[in-house]
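Okay, so here's just one chain, in structure tokens, the form predicted on its own.
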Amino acid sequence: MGAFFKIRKGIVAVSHTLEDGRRQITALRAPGDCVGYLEKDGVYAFEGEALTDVEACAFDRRRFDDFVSVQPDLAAALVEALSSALKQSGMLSLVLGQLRSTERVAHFLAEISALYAERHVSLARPLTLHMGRSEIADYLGLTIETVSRSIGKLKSRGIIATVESGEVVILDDQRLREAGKVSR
């Protein structure tokens, strides 16, 4: 068993690379999140890539599991963290399976804005995505060209504006959330 990590600062993209080289980003993790917990036979289930400067605490998995077994509050917190990660994965499955491309991009922008605000990653405007269109495409199961067209559509609707590559100004937060809403 290896180490797992709790992010203290920064953004990490969690992904899986297929044998043919294609990559699917499965999650974005921010301060307070754990990464690297899922492993089998010393091999991590997913890869992690720092999108920003990252500070993290490393924990030896075996020693941590032993400690958690006698600390019910810590065990409950770990269950809550893993449940939250599972909920986020389920939501991403809904987004990928049910939303059209522009809706996916809108959902992503609303999600990343909320995540950064919640975790105090970046309160500055414009919103710095810390991801290029290639990473956004890998996260949303789209091509780079489709991400670009979708951003263009959101701009033409007056929902967002782009300042520089990787920076977005959300002009209408309510319309952005509505554009990327998953129906239940």
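Quick caveat, the model's predicted, so the values are computed rather than measured. The first residue of the shown sequence is 1; numbering continues from there. So that the term is clear: the rigid core is the largest set of C-alpha atoms that superpose within 1.5 Å between two forms.
What comes next is about the form predicted in complex with the DNA, which is not displayed.
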Within 4.5 Å, heavy atoms only, which of His130, Arg119, Arg61, Arg149 is in contact with the DNA in the predicted bound form? Arg149
Given the stretches 111-119, 140-148, 42-50, 23-31, which is the single one in contact with the DNA in the predicted bound form, using a heavy atom cutoff of 4.5 Å? 140-148
Applying a 4.5 Å heavy atom distance criterion, does Ser101 contact the DNA in the predicted bound form? yes
Does any part of Ser156 reach within 4.5 Å of the DNA in the predicted bound form? Heavy atoms only, please. no
Can any non-hydrogen atom of Ser134 be found within 4.5 angstroms of the DNA in the predicted bound form? yes
Comparing between this form and the one not shown on the rigid core, is the C-alpha shift at Ser165 2 Å or larger? yes
